[in-house]
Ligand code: ADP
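Single chain ahead, written as structure tokens, the form predicted alone.
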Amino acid sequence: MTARRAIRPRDRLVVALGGNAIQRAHDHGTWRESVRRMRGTARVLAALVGPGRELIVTHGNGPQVGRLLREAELGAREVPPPPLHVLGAESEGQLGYLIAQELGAALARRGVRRTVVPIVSRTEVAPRDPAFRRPTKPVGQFYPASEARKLRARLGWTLAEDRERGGWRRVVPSPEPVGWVEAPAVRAMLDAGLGARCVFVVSGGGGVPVVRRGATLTGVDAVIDKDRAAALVARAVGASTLAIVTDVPGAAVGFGTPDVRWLGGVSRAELARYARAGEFGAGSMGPKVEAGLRFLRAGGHRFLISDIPTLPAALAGRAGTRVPR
């Protein structure tokens, strides 16, 4: 009997949603707000799905983990607070459910029969990654200096002062992602043709960070950069396109100045030159550009940066920052 050949789609698309797709800075963080934001995002995503195109979604989780941290802190006198990696897994489940609800409904309204499948994902990091010695990633809320001292003594947290915003904030390691634990299973399902029947939601918030010790994986308190994790996912599933969605319509040089210039179609070499020149902020556009360049160097065909409203036009080559291999 002849072995069944893997189905190769014309377009296997990974869309990395920023936190603004679910919650904006001025929102109060209610579930109703999250549903409303995601409903608008889901309408756009559903319009991208069609014959010959598979969709894999990743997403951020910063505001949600911040709320879970605060809940754990306030309830610590009655309920033992879980580790940060457990809260990351909780947020993956919460947001995976939200995306499944709204994207599933949006697909059904368009007559598209695909099941949205959220997968709580683990991202492997190296146990000796230098980031564990130098925590830099802010998480959670701001504290006055007196409260920061108490938290440092009571919980062993590392806190750093943010003088611009006037307060202290917990900082945790942000190690480099080196592997996606669920990658072989998801890739096998896609190559077997399930991408024509399912949309997979994976690696939320960069995935739950784990380290390998022998045959065992152990969760660690850290935060994985979601854009680097999205590039890892895109490479692992053999995506043709990685689209990173943020709150601006693309990357720009001279951002914040009167001479700002938005980048449309740009070569990989040109984008890399701008990155080396420091045109992209380390805490904003820089990681997105870095992730996209990694994806292209690993064999990806196309990298896009856009906001949600212009994502369809970016895929059609009419908007956003578009970088071919």
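Start at 1 and count along the sequence shown; that's the residue number. These figures come from a predicted structure and were not determined experimentally.
Just so it is clear, the following notes concern the form predicted in complex with adenosine-5'-diphosphate, a form of the same protein that is not shown.
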(Q) Taking a heavy atom within 4.5 Å as contact, would all three of R228, E270 and G300 count as contacting adenosine-5'-diphosphate in the predicted complex? (A) no
Q.
So in the predicted complex, is adenosine-5'-diphosphate close enough to D162 to count as touching (4.5 Å, heavy atoms)?
A. no
(Q) Test of understanding: in the predicted complex, would S284 fall inside 4.5 Å of adenosine-5'-diphosphate by heavy atoms? (A) yes
**Q.** Exercise: F142 in contact with adenosine-5'-diphosphate in the predicted complex, heavy atom 4.5 Å
**A.** no
**Q.** 4.5 Å heavy atom contact, E176 to adenosine-5'-diphosphate in the predicted complex
**A.** no
Q: Answer with one of V117, A252, V220, A131: the residue that has a non-hydrogen atom within 4.5 Å of adenosine-5'-diphosphate in the predicted complex.
A: A252
Q.
Given a 4.5 Å cut-off on heavy atoms, tell me which of 244 to 252, 92 to 100, 185 to 193, 107 to 115 is the interface stretch with adenosine-5'-diphosphate in the predicted complex.
A. 244 to 252
